[in-house]
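What follows is one chain in structure tokens, specifically the form predicted alone.
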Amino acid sequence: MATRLTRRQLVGTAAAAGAAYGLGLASRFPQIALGQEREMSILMFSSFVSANDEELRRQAAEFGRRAGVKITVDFVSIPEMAAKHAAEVSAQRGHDIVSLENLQTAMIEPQLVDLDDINDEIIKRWGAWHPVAKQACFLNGRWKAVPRMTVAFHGTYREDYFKQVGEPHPASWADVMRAAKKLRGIDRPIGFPISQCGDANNTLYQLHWSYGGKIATPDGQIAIESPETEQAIAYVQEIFPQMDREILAWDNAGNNRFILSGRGSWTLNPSSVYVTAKRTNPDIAVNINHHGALLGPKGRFGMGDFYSFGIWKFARNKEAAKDFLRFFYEEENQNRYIETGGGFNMPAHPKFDRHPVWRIDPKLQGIIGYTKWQKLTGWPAPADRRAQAAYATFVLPNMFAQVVTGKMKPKEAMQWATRQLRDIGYK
């Protein structure tokens, strides 16, 4: 259910506009006639870090005060967003700015205005976005969204347990395998989900890529049945006995609970585990650390949930919406937004990889720049409904699960995955 958290009416005046011009923003905000009022609304995901939501409200209110715009910001949970998108598209009315996750930009591309102008301004000012930002937002030759940030699936591990078995933090999947066998010996296992949850996708896609595997080619040809995929399956078969069997039933909170229980030694997850431990169990938090994307035989790959902003074609006030996005991407506002995220949300633009928030806490320094390794789900296949369907039906986790549970041989599992991908629409 959507939760309306703020609704402020801010009356624009010529004096307010003048104050904005005094801050050097005259070129970005149209002059507002006395008594004139515009309206604009934002539909946003609720963040794991509530301070991030508060900062967005603050920036929206500040923008409204300066530009003479009445602003509404509505927050909904991640699972609710797709239904909200569908309802607003069906009605052809709703919010002006809409938040987008991963492939949602591609799924509703025809309903979004082009945002080439804003992205061109940002690129001219700071240089190119991280590659995954373009993969998510630049579709059919046009920018259909403005990248915002990513929740990265980097390594989270127990420093004390790794030291106990004489292992440094892992830099490669081979390091994880070697450490996993030692950690099993002291009953401090590693763990990642091989189940029907998003975290399983976010883990197994990056492992699969690092062995050279892919579900389909850039032109949509099925490619999962390959020697590279077979090697990735062999890796998972070997490491599976080093983990608890419960990973086959984990949901998205399974790896969080595993580390926070004090038993788990390693997983892939955003820094939410660490953030929670700092609040609820400092003795565990002090021993948690993080590392970046893992190297495999064919390279280093990362994954996460990528977020952006779009503007509906049926938005009531497209120009005010664009003006807000320009305001949001003022350097000072970006710095404030990142700072309030406490390092949980990683930047979409490499300029902000250097933000101090990742250097103040030494536990976060290992994930600086992680976004550059990220790919969008389905890569290198096109970012379209087929890639979303493969993610939503857990084709990759199910393929690995069929093998480690003994239901299928590796070749049979790859053939099964091929049939699933053909049903989805790949060739």
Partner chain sequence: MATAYAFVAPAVVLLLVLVGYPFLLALYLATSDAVIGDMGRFVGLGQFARLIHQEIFQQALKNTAIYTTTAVVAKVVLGMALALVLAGLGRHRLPGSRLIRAAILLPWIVPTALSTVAWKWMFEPQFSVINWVLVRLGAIAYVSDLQWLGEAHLARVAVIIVNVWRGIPFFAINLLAGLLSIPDELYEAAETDGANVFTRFWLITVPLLRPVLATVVLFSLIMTISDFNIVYVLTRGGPINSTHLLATLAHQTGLITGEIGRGAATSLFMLPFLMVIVFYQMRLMRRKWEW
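The structure presented is a predicted model; accordingly, all values stated were derived computationally and were not measured. Numbering follows the first chain given and starts at 1.
Just so it is clear, the following notes concern the form predicted together with the partner chain, a form of the same protein that is not shown.
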{"query": "Contact check for M107, R263 and A389 against the partner chain in the predicted complex, heavy atom at 4.5 Å", "finding": "yes"}
{"query": "Any non-hydrogen atom of A401 within 4.5 angstroms of the partner chain in the predicted complex", "finding": "yes"}
{"query": "Partner proximity in the predicted complex: A82 to the partner chain, non-hydrogen atom cutoff 4.5 Å", "finding": "yes"}
{"query": "K411, heavy atom within 4.5 angstroms of the partner chain in the predicted complex", "finding": "no"}
{"query": "Close approach of S272 to the partner chain in the predicted complex, 4.5 Å, heavy atom", "finding": "no"}
{"query": "Sole residue of A249, I123, A234, V286 within 4.5 Å of the partner chain in the predicted complex, by heavy atom", "finding": "A249"}
{"query": "Contact residue in the predicted complex, from K181, R245, K313, R279 (heavy atom within 4.5 Å of the partner chain)", "finding": "R245"}
{"query": "Proximity to the partner chain in the predicted complex (heavy atom, within 4.5 Å), stretch among 359-367, 374-382, 391-399, 41-49", "finding": "391-399"}
{"query": "In the predicted complex: members of 395-427 within 4.5 Å of the partner chain, any heavy atom", "finding": "N398, A401, Q402, T405, K407, W416, R419, Q420, D423, I424, G425"}
